[in-house]
Ligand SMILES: Cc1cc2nc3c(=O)[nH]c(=O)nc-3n(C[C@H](O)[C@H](O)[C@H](O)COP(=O)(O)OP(=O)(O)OC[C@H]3O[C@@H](n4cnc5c(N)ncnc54)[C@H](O)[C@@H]3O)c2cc1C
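The chain that follows stands alone, in the form predicted alone, written as C-alpha cells.
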C-alpha cells in the first residue's frame, strides 16, 4: 500500500519538504495543509506605490547554499538581483554614523576605520583591540552572542554594533541569544582562536573567492520564489484555509485533525512555529511543554512612501540601525529605494521601518494609525523629512521570531527524543528549531523530507 505524509504549514519550509518528497518518492501521497488563505508564510510580496514590495524578508543570504540551489533547480537564478549598496548607518547619540569597513556581523576586524567612524569612543576602540592580546577566556559552556562580544571586545562594541545588527535579524537581545546558533561564524572563530579578530580574519582568507553578492533577491519580490515553487509542484493536494487542530496517534497511524475532517497518515512534517506545534502536539505532553518554552518576539513593519524632495538626508546606503540605548520605538530602517533600484522612481522614496523586538512589545499596544504616527515622528526627525506620507502599509509579524536561548540545540534534541518515543513519525522543521532565514528553512524542509522517507522505509 502507498504511504501518506501530511505536511502542516505552507511556508517555505513546508513547501520545500513537500517538493522534496515528491521528487524522491513520487509514489508517496503527500498532503499539505495551510491555515491561512495563501502560501508562503513569512514571505509576502504585495503592491506598494505601484511596485511589488516585500512585507517580510526582501532577500536571502548566500553564505550558505540552500536557497541558491533551489533557485537554480527552479530556473530562477537568472532573475536574481543584488542590493545596489552595502553601506549602512547606525544611530549614535541621536546622530547617524556610517558603519566602519571591516565589520563581520558587527565585529570590527580593522581598528583604524573603527576609530574614524566615531561609532564608539576612542577608549572603547582601544578596548576592542585588546582582543588580539587577551588570553583565551571561554567559559567552557554555551554562551550568548552578547557574552562572547563583551568579554572579548567590550560593552560598546556589543551595544552599538553587534546587538543592533544581529539583534535586528533575530528581533532579539544578543545577551540572550545562543552564539553557536544566532552567530555561528563568530562562535566558530572564537572557539578556534584565542583572538576573535584573528579567527574572523582567518575565515575570510579561507573563504572561496568569487563575486557572488552577500544577499540576493528578485525584482518582483521574494514572492516570486514561492510562486515558482508552487507552480513546479503541478497537480498537488495543497489545501489552504485549513487550520489543523490536533495531531494524535492511533495504534497503526497518525491522525491529523482539522475543523472539517481527519486525515490518517504514516508521517507528519510539522512546519509551523514552535508555539503552534506545542498546541497541536498536546497528546505528547513532554514535547509540547518543551516547545512552549521557546520564546518568540513580534515585529511590526511599516512601509512608508515619501516624495523624494521631502527627504533632506541623503539616502546613500541600504539603511540604518537603531541601538536599544537610543530609547526609540524604531529598531531599524531599510532605505528600500536606495537598496533596490527597481523600487525607485524619479518622484518617490520607499522606506521600510521596523519596530518591536524581544523585551520591547510597545508596537503591539498601538493601533495602526498610532504606530505609523509614532514611527513617522522618529524617522522624520532622524532623516530630516518635511513632507507627509504619500502611502503607508503596516505588516505585523506576531510571535514570528524565535529566540534561541543558550542551550537551544539541546532543547531541540530533547524534543526530538520525546517525539521518537511518544509520537513516532512526527518531524519538526522551521525557523523555531535549527536556523532562521530563508536558506535555513529550505534546508530544514529538505532534511525533514529525507528523515520522513527514511522513517517510511521502516514501516
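Residue numbers count along the first chain shown, from 1. In this text the structure is predicted, and so the values were computed from the model without any measurement.
Beyond the structure shown, there is the form predicted in complex with this ligand, which is absent from this document and is the topic of what follows.
Mapping the unseen interface onto this chain, residue 6 falls outside it, with no heavy atom inside 4.5 Å of this ligand in the model of the complex. Contact check for residue 17: no non-hydrogen atom falls within 4.5 Å of this ligand in the model of the complex. Heavy atoms of residue 42 reach within 4.5 Å of this ligand in the model of the complex, making it an interface residue.
Proximity of residue 57 to this ligand in the model of the complex falls within the 4.5 Å heavy atom cutoff. Partner proximity in the model of the complex, defined as non-hydrogen atoms within 4.5 angstroms of this ligand, places exactly one of 235-243, 121-129, 259-267, 366-374 at the interface: 235-243. Residue-level contacts in the model of the complex: of 390, 35, 64, 411, one residue has a heavy atom within 4.5 Å of this ligand, and it is 35.
Along 251-273, residues 271, 272, 273 each place a heavy atom within 4.5 Å of this ligand in the model of the complex.
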